[in-house]
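So this one's two forms of a single chain, laid out as structure tokens and tagged structure 1 and structure 2.
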Structure 1
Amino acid sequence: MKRYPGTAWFFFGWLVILTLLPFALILGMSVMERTIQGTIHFTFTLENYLRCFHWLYAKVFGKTVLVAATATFSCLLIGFPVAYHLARSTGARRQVGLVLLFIPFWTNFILRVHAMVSLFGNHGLLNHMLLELGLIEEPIQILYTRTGVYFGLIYNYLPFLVIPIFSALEKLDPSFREAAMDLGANRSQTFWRVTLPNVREGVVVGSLFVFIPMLGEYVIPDLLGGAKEVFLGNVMVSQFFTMQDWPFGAAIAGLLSLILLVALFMQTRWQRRVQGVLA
């Protein structure tokens, strides 16, 4: 412990007080009892965690995982060709492509959500155009439905999936493909049997990269999903603010963190494997 200089300890102290301690408080609270009066009682209990598995909350949990997984898969379908295009372009074109992909993400997050609202709303550009063209009679309801949540998730997370796939494709040795072609494979055979299996790890890492933060999403379901489309994060926040049941809210936070840590652990293991494969 002596080997760290004093300045480092200052940094550790800062991290412990402002990050670790608040997080530990939540975890501690999650194993305490809530009395009928709404105060917190310092007795150890796992009741709050067991309540998370009550069907009411298990359903929200299932939905969060399902929606996040579907959105991740959609990002993958859209993101793969984007990464492929970037990887096969060279020099300035590639740089421009990457910058173009990221420019929208330099704007404020809440602004991007607002941009979705004003595009998909009943008076938004999309409905306006479709009505004008006579394709629809009534505005289509996209906001405050699950579709709205999907659009929001895909829009806000896409580039974070493109980048890991792009770097996997970039590192792929072209001689693999040339060898496949020389051995008589056609383009689609080469793609499915040589290119894709070799970037599989990049795909998995990238998918986890967007799937994990999606699980903890709060703002997108809140603003684009309306009252029905709630994620685990929204239930957690409402336990703190609306229900005033802090220990239960804390238990949801604990469970969410556990899932994130497990997913993260898996991601690092995959990443090591990728590095092992590419080294």
Structure 2
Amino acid sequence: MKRYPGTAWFFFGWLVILTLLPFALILGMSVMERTIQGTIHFTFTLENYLRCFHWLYAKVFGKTVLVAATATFSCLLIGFPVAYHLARSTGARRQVGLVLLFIPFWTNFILRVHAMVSLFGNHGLLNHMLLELGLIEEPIQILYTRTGVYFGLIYNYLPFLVIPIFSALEKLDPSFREAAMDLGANRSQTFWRVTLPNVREGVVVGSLFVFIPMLGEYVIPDLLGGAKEVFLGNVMVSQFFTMQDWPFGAAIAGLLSLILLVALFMQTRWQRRVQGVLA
């Protein structure tokens, strides 16, 4: 079997230049000081990180975590049955289901969000249908609210949770479920005691794939939430491009990266513990 050391070095160089180096620049910028005149001093300070825990920004962070966690849980409730159905399907039925799952990604992300603006607006398709059916007397305010952001997060991130769960369910040996049924377990007991424990890794990985990007999401809260719903991603972008306070914006990005690393560390530790128990 041939080895290609050049490919490994190319990947390592790509990882360092496009991932580790920008991350190091962000961390370096986060410990610098910005003066009142707007200039940046190359002095070490943790004031930017301490400022992140100010009540105003802590409140925004708490709201962002709450909405992201709620949307992730909703994606899990919707995505698990979809992944389960796809895993048990075969042939053309499975292929059509996977194609339908990825059809939204054939269009630009910004266009998909703008489509939701047309759907949820006061004069949008949803309100128009409800008014025509006589179910409501006046348009429902969904756009530019937290509810609109919630629906936008679910719509755009649902496939990222379905795929890891689908992969885990596809690898699950069907004889496990059959053995449980033969031993007298009903469908509910089989799901909770056999199916779910064997696909927990897919559920955790899929949840992380969805929850972590939601924390830093900017476009969806900006277009669907409006000025009333400010999330952490909006604060971070405004600090970089509006307030020109790059050190503070970098500190927010650094905290989000720290949350990512802690989540990945916990997931890896949990996975090793599960593998140790099974071994």
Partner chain sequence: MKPVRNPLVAIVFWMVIGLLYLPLLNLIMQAFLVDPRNIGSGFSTIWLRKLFASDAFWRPLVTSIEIGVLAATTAVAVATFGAVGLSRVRSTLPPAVQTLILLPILLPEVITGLSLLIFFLLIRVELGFFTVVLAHASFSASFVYFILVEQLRKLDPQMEEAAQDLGARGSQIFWKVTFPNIIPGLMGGWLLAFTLSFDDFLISFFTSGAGLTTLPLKIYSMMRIGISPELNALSFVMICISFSLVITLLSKEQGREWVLKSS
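A quick note: this is a predicted structure, and the numbers were derived from the prediction, not measured. For the two forms, the rigid core is made up of the largest set of C-alpha atoms that agree within 1.5 Å on superposition. Each residue is numbered by where it sits in the sequence of structure 1, with counting from 1.
Choose the one of the two that is the form predicted together with its partner chain. Pick structure 1; the other is not the form predicted together with its partner chain.
Fitting the rigid core first, would the Cα of Met243 be found 2 Å or more away between structures 1 and 2? The answer is yes, as the C-alpha of Met243 shifts between structures 1 and 2 by 2 Å or more after core alignment.
Cα displacement of Val16 between structures 1 and 2, once the rigid core is superposed (Å): Reported C-alpha shift between structures 1 and 2: 6.6 Å at Val16.
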